[in-house]
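Listed next as structure tokens is one chain, alone, in the form predicted on its own.
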Amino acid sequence: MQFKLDQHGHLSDIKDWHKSWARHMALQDDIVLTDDHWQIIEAVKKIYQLTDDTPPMRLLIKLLRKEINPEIDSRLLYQLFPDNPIRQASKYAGLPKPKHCM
């Protein structure tokens, strides 16, 4: 698979995204995507579609608590995406690197 990536390793064109690409990229980070991962990835994509921006952590947690589980917190997100939940979920969702991530 050949995809054009930006300087941060994110897809250059969101239209190139598909689940097999996300699985491939996650495996490069030693992550096997589970249903829990996919829920987070889909939530990040949903917020991006609504706002044209990746969500800050607080907004993502608020959405996840409302739509998935009121017990979700940042610790769980870091268990799923240990490097940086917003950045990794955005990357696997085919979205640009979040502006608020270093």
Partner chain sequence: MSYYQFIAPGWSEVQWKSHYLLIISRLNFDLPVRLIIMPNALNDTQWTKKQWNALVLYGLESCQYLDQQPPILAKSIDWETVNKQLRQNTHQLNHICHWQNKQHFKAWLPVVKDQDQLFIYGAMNHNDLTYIFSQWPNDDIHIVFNKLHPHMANDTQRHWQQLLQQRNIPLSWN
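Given the structure is predicted, the values throughout are model-derived calculations rather than measurements. Residue numbers count along the first chain shown, from 1.
Although it is not shown, the form predicted together with its partner chain is what the next lines describe.
Only one of the listed residues (Ile47, Leu77, Leu33, Leu64) places a non-hydrogen atom within 4.5 angstroms of its partner chain in the model of the complex, and that residue is Ile47. Taking the partner from the other structure, its partner chain in the model of the complex has no heavy atom within 4.5 Å of any heavy atom of Ile68. At the 4.5 Å threshold, heavy atoms of Leu27 stay clear of its partner chain in the model of the complex, well away from it.
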